[in-house]
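Just the one chain here, the form predicted on its own, laid out as C-alpha cells.
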C-alpha cells in the first residue's frame, strides 16, 4: 500500500499492518477489495470470500456516505449504505489501528457536510504571470505539464485520489478559477482530458468539477454575447454542459468566478449574480450537477484616497440582497473572511446573512498569506475557530451548522512531498477531517496525522506538536499586528512591505499615520462594516472597549498609545509580538534539529525552517522600524529597532 512517492505521507504501508495481517472479507467488488487485497499481500493476511473473518466490509441499506464499525468477540464489521461510505469506513479502520480489532462501542459516523471539496488553481499552459499553478507552492500541476495532460502520471493521480478519499474529500475542481483561453477549452475539444482524469477520482467516490469562464459562449461558441437571459446563450450552455455530463455521467458541476478581478460576468449585461448562476443551474439540473458561484466580488480599481469605499463590505453588499434568488442547485461559495485569506480576519458577515441560500465556506489550504508553504503554519486552529464561531451569540448555531459545504483551495502539486513543505501535508489532512467532523480539535487531528505519517515514538510526537501546534499564531505574531493584514510585497505576496498596497487600487489599506493605525469600520464614524453582523457581534465590533484585541485594527483606527485589553499599548504590542515571533521560530528550528526522522524529510524541513527564521527576522525588523519611525515611540525594553 505504499504511495508511488517514496517520502512519507499519511497512510503508508505500516499503517495498514493491523488490517493486512488478518483475515478480511469484502462483500462487494471494486476499490475497497483492491485496497484490502494489496494490504493482505503486503503483510501476510488473507482475503476470504466466505466463513469467519476478523474484518468484514459490507454494504447494507440506503442513505448517506457515512459508515458504522462494530467491534465484538466475533470480529469487526464495517457497514455502509454506499460504496463511497464503505471506502470512508475502511480508511477509518486504518486510522483506528489495532484498536479497530478490540471489542468496544459501536462507532457510527457520517459527514457533517455532504460536499467536501478541494479547488485546484491549476493552469493547462504555463501562464506568463500565474505560472503552472496560481498561488501554488508545491511545484507544478498534478494534471498538466507545459500544455499537455500528464497521461504517464495517471497512477500518481490515482494515488492522489486515494489520499483525498482517506480523509473524506468527495469533490475536486481541477482547474484555475481564473479561466484562461486554454483552460476554457476543457469544456469542449479538451474534454477527453477531463474524462481521463475523472476515472481515478471516480474509483474513490470523488466527483470532478470544472472552473468555467462566464464568457465561454463567446470564446468557444462564436456568439456575440454571454448575456445569461439571451435564449441563444442559454441554449449553448445547455447543449455544451449536456455533452459534458453525457461523457462524464458523474460530473460534479461547474465553479465560476465572475465579475471579480477582471473575470467576465453578468454585470456586463445589467444582470445579477443570481441570473448568471441560475442559467448554469438550469443547464446542469437534469444531470444532477451543481453550480459553485464564488462570492469573492469587489472593486479592485478603487481610489485609495476614498475612505468611504470598503472592500470588506463588497461581498455582503453584492450578495445578501439576492438571498433566496438562487436556484436550489447553486452554492454561493464565500471566503472565510471579508477580505482575502489573511492570517487574521473576522468571519465573513455573509455567512450569517443568507439563510435562504446554500452557502459553502471557502478556506485556503495553500498558504498564500500564511507563509507560502515555506513557513510552518498549521491552519486547523484557524479553521476550527471559524467553524465554531457563533454569529448570533451563544444561543445561535455555529458556522459549521450554518453553511452547507466546506471548500479549500488545494495546497498540493507535483512536489515529491505533495505539498512542498512536508509539514503542510497536515493542513490538507486537517481540512478533510474538519469537513467530515468539525467537532474534532486541531490537536487531535494533528496527532492522527503524526501517527499515520511518521509512526512516531513519544518524543518525536511531542516534538512535532511543539513545532506545529501554535505555528499559526506564531506566524501571525511576526507578520500581522492586531488584524491589520496585507502588509506584504505586491504580486507574489511573500515577505514584508508595509506600504506595498497602501496607495494602490486594491482596497487593502492600514491607514497608518503619525498618530495611529487601523481602519475605522464602525457604524458611528466609519464604513459601517461592523453593523453588518447580527447581535451581539455588531455591538462587540462597534465598541472600542469590547472589540477583541486580535481584530482591533481591522475594525478601528486607534492611537499608538491606545491600551489593549491585554494591558499593553498598541505600539508595544507590535514590538513585543514581532520580537517574540522570531524567538518562537528559532525555538521551533532548534526543536526540529533534535528530532530523529526520515533523512529526506528532516533535511527539507530544516532548510525551510532556516528560511522561516530569516523571513521572520525580516518581518520583525521592517514592521518594527516602520512603526517606530511613524510613531516616534520607542520600545520600552530597549531592543534594537532600526
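Small disclaimer: the values here were computed from a predicted structure and weren't measured. Residue numbers count along the first chain shown, from 1.
Not on display, but discussed next: the form predicted in complex with alpha-D-glucopyranuronic acid (GCU).
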property	result
Residue stretch of 292-300, 451-459, 515-523, 528-536 approaching alpha-D-glucopyranuronic acid (GCU) in the predicted complex, non-hydrogen atom distance within 4.5 Å	292-300
Position in contact with alpha-D-glucopyranuronic acid (GCU) when the complex is considered in the predicted complex, options 550, 153, 414, 340, heavy atoms within 4.5 Å	340
Answer option from 405, 542, 134, 230, heavy atom within 4.5 Å of alpha-D-glucopyranuronic acid (GCU) in the predicted complex	134
Contact test, all of 336, 375 and 475, partner alpha-D-glucopyranuronic acid (GCU) in the predicted complex, heavy atom 4.5 Å	no
Contact label in the predicted complex: residue 83 to alpha-D-glucopyranuronic acid (GCU), heavy atom within 4.5 Å	no
In the predicted complex, residue 236 touching alpha-D-glucopyranuronic acid (GCU) (heavy atom, 4.5 Å)	no
Heavy atom of residue 177 within 4.5 Å of alpha-D-glucopyranuronic acid (GCU) in the predicted complex	yes
alpha-D-glucopyranuronic acid (GCU) contact at residue 368 in the predicted complex, heavy atom, 4.5 Å	yes
Stretch 248-273: residues contacting alpha-D-glucopyranuronic acid (GCU) in the predicted complex, 4.5 Å heavy atom cut-off	257, 261
